[in-house]
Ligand code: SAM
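First comes one chain, alone, set out as structure tokens in the form predicted on its own.
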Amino acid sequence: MKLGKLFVVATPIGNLEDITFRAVETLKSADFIICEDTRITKILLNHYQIQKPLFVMNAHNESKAISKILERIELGESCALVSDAGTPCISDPGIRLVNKIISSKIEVVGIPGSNAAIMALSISGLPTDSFVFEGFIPQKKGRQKKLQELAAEKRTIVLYESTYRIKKLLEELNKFMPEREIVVARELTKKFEETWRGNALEILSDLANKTVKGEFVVIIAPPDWRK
């Protein structure tokens, strides 16, 4: 029996038009689609008139889900892995599934597309020839140690942060690297997309009287890069 395949499919980070023709065709041809939240994935599928069975995989059911997905692929079904937004496995669930599929000698095919970190880098105006992606830094334990390590980093730094901690992160960056140039982008490709530029204190001042919501990408320039 011929084995199925796992397609890792990048989906839009906001604007539903930001998806490739190949991604749409892959979602249409898959036997089933693995997603984090059916409500979010259905918005995209309905927009492109795609009707496929959805299989939920998240942090709560990952181990059991991987076994069931592998069984279906071994029976010849092909599936598409998507995240709620952007490229799967990048600060999102899925890497354990991909690793298991690879170790089972089953083909994994990447379908490239949107990624918030890369988009933010491309519009930042900061050095992109060498950068380090840290995603979400620890919320509590290890957070201060991580910030100390980042303060010594010589490359451009890319972070993700949530609505609830963005101001706290900027306060911390003002403490650990007050002179560094920073670009903060929120809700990229969406209706209320915004970008702030300056050092941490300047951006904090801009955000002081605002209620900011959404997902944030924070780009931190290397020290003294303009000299």
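Here the structure is a predicted model, which is why all the values come from computation and not from measurement. One-based numbering along the sequence shown.
Another form, the form predicted together with the ligand, is not on view; read the next lines as being about it.
What I'd like checked is whether 33, 62 and 97 together line the ligand in the predicted bound form, meaning each has a non-hydrogen atom within 4.5 Å of it.
Per the other structure, none of 33, 62 and 97 touch the ligand.
Can any non-hydrogen atom of residue 185 be found within 4.5 angstroms of the ligand in the predicted bound form?
Yes, residue 185 is a contact residue.
The ligand contact in the predicted bound form: residue 90, any heavy atom under 4.5 Å
Contact check for residue 90: yes, within 4.5 Å of the ligand in the predicted bound form.
Even though the partner isn't displayed, in the predicted bound form is residue 80 close enough to the ligand, meaning a heavy atom within 4.5 Å?
Output for residue 80 is no: heavy atoms all beyond 4.5 Å of the ligand.
Contact with the ligand in the predicted bound form for residue 55, defined as at least one heavy atom pair within 4.5 Å: yes or no?
No.
Looking at 147, 111, 121, 85, which is the one with a non-hydrogen atom within 4.5 Å of the ligand in the predicted bound form?
In short, 85.
Okay, which stretch from 185-193, 168-176, 22-30, 38-46 lines the ligand in the predicted bound form, with non-hydrogen atoms inside 4.5 Å?
In the other structure, the partner sits against 185-193.
Could you run down 208-222 and flag each residue that has a heavy atom within 4.5 Å of the ligand in the predicted bound form?
Result: 215, 216, 217.
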